[in-house]
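We begin with a single chain expressed as structure tokens, specifically the form predicted on its own.
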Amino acid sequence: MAFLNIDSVKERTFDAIVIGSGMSGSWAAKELGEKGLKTLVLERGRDVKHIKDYPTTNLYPWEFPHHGVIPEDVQKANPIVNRCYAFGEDAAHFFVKDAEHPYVQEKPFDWIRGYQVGGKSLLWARQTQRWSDFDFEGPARDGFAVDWPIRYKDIAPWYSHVEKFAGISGNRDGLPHLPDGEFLPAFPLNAVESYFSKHVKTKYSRDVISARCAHLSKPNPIHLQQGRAQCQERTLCQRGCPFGGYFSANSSTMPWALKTGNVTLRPFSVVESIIYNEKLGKATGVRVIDTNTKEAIDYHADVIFLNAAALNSNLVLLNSTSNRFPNGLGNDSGTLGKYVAFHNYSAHISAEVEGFEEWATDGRNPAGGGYIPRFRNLHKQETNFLRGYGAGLSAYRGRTSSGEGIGDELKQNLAKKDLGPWRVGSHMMGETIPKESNYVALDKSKKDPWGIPQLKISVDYDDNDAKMKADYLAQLTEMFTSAGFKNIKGESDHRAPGLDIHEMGGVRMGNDPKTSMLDKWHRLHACQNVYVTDGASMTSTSYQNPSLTYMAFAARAVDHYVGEKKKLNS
């Protein structure tokens, strides 16, 4: 669209534009703002202010109209998001509803999204593990996907950088495949979890550690400067934490970015495309659709950081076409939208534990309990599947109270103090292999409410996933049995991909522009003033939670851009 008002164009011109305000976008905004760049942050959803916009955070169970349960008509109207474990009456306002943002499922895919300032950082499970060279060297070692253009030494300083600011709790466990970080004190394992940890270490030489998580177990001055306080262990995190006890973009990076005075936040702005100037041979801006007015508006900048979350970053690039890039911005390799992968959470196991009656579950553990790092195919190929899996582990002794009844009856049930037997559970966290056949593309006929082509998703499990799942169930069953647990039940829930909320890839990194989209600094090979540092950039998925890695990637990429900019100006 033509804009003839020169002052208007000037008002819409910035040093940098960040697309997305979530886990990685907020980090890009913070780093750019701190380094003095006038930065525009575009967010497609509404603004969510820390504390002010957490409407359920202090409600008691009996204050919810439906006791925390989503009404049946709402569940039926939202079959996809309703499958998410955190979609309850207390947090439903942070989730995208199915009909509001349609997409095409060429194969079943549960796309769970949070469109608001802060994105899914208001919804995540806060698990934070560093990746190691066992992960970054995996594709080269096993021969699937392409080699990562970086190694652990390249990202390690940036892990430290973001850990110190975000606040990560954990123990220094000394595991080469799970590097230690800049930790605050860990949340300890309870009696049964500790027993199981000692048992598998002794019998199997395997590890069960305290889960590492983005909670302030003991705030440092930098956290207090952010206005955050120690985690209160309420375990109501999905409602938004008024204490800032866990890391979210809303409580930490976005307020910090805005405080620099260099960052402008524009919510209600769906990015339609990145503008490419063929004469200049670079991107010059971003076209957005205002979700309230449906007006198309162009914004301009020297550099674009694309952090719209993995699949939406794919969509933006696919929809950014020109004579130079008819198949999507930077897509000389033809790999854009391909090699999408995810995590396999489709198996879990439970059991009962006798004894330990002298112990109660001591308070609430916001880290969720224990974590079993990968123990398969680490130093050699020992199974009939590639790569490996980790697992969550938690033991608990529930109270006999219930949420039945209304009014005084409900209050009395909730107030009961009797303890039931110990139970233990685990869920699988498996790595899936990026394949060309797992892809996303633009649908040729269907458009969303803003006139943008809908994303078509074609992603599925494969035989490697099935073999890995069978091994997880067999190994955990054996470990539970040898530990003396009873009534062991291993189950597969046959969920569709996507429900893990760890979709990755499509804009992968690599050394060779013929087989990848991004270089080692997260720049598009073919359009080097566009950086992608969210899940779209992942070459492989590892088995570990990826959010901490996205944060480190974003901070490292901004540092690289600013360094290159200074060189040109010197």
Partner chain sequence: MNRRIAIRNMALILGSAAVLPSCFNDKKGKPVVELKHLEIDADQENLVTNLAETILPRTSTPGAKELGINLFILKMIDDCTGKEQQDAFKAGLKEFDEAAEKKYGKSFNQLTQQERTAFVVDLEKQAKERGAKEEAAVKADKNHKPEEPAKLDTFYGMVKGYTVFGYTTSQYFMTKQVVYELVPGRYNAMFPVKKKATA
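Numbering follows the first chain given and starts at 1. Keep in mind the model is a prediction, meaning the values are calculated, not measured.
Here the subject shifts to the form predicted in complex with the partner chain, a form of this protein not shown in this document.
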Quiz item: If you check 146, 84, 318, 236 against the partner chain in the predicted bound form, which one has a heavy atom within 4.5 Å?
Solution: 236
Quiz item: Which one of 360, 175, 222, 466 is close to the partner chain in the predicted bound form, taking close to mean a heavy atom within 4.5 Å?
Solution: 360
Self-check item: Interface stretch in the predicted bound form with the partner chain - options 23-31, 62-70, 46-54, 509-517, non-hydrogen atom within 4.5 Å
Solution: 62-70
Quiz item: Using heavy atoms and a 4.5 Å limit, would one call residue 452 a contact residue for the partner chain in the predicted bound form?
Solution: no
Exercise. Give a yes or no for residue 125: in the predicted bound form, does one of its heavy atoms lie within 4.5 Å of a heavy atom belonging to the partner chain?
Key: no
Quiz item: residue 415: heavy atom within 4.5 Å of the partner chain in the predicted bound form?
Solution: yes
Quiz item: Hey, in the predicted bound form, does residue 327 get a heavy atom within 4.5 angstroms of the partner chain?
Solution: no
Quiz prompt | in the predicted bound form: members of 511-550 within 4.5 Å of the partner chain, any heavy atom | solution = none
